[in-house]
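This document starts with one chain, in the form predicted alone, laid out as structure tokens.
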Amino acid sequence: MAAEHVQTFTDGNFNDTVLKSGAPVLVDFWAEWCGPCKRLGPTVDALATENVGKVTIGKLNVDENPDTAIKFNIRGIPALMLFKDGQVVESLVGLLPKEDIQKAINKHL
């Protein structure tokens, strides 16, 4: 499913791995049945590889982890949220080009 640099976030580990992270964290909220989510997957994998050491990137399956999806008001997927110091600093929804996502990341590095 994911490249070696893409983490898997869950309701159980979200607080420690995302909200308490000292580095920015990009979370891809997705679901197995979502076609655009699957098409965004290789982009997320590439971003994770290209941003090693700068930002943590991972995925959260909204069907398997509904509590976190509800907490962050995820209504449409794919949805990308960039967290910094435990706060959402950027929110992107839909199938976006890699360059647009990278620009959003760069603004917060």
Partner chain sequence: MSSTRNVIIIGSGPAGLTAAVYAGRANLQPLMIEGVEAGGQLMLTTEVENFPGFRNGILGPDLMGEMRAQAEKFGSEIIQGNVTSVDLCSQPIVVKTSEGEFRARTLIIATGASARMLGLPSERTLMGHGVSTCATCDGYFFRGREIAVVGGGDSAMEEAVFLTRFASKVTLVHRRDTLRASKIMQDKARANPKIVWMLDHEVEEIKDTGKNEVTSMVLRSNKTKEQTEIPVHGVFVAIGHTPNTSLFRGQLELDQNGYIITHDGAKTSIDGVFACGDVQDHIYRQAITAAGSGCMAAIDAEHYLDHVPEHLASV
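Numbering follows the first chain given and starts at 1. This is a predicted model, so every value here is computed, not measured.
Separately, the form predicted together with the partner chain exists; it is not shown, and the next lines address it.
*Asks:* Any chance Asn51 has a heavy atom within 4.5 Å of the partner chain in the predicted complex?
*Replies:* Result no; Asn51 lies far from the partner chain in the predicted complex.
*Asks:* Using a 4.5 Å heavy atom cut-off, state whether Gly12 contacts the partner chain in the predicted complex.
*Replies:* Judged by the heavy-atom cut-off of 4.5 Å, Gly12 is well away from the partner chain in the predicted complex.
*Asks:* Would Val18 show up as a contact with the partner chain in the predicted complex if we use heavy atoms at 4.5 Å?
*Replies:* No - in the predicted complex, heavy atoms of Val18 and the partner chain never come within 4.5 Å of each other.
*Asks:* Looking at the partner-bound form in the predicted complex, is Asp85 within 4.5 Å of the partner chain by any heavy atom?
*Replies:* Because no heavy atom of Asp85 falls inside 4.5 Å of the partner chain in the predicted complex, the answer is no.
*Asks:* With the partner left out here, if you bring back the partner chain in the predicted complex, are Cys34, Arg75 and Ser91 all within 4.5 Å of it by some heavy atom?
*Replies:* Heavy-atom distance to the partner chain in the predicted complex: all three under 4.5 Å.
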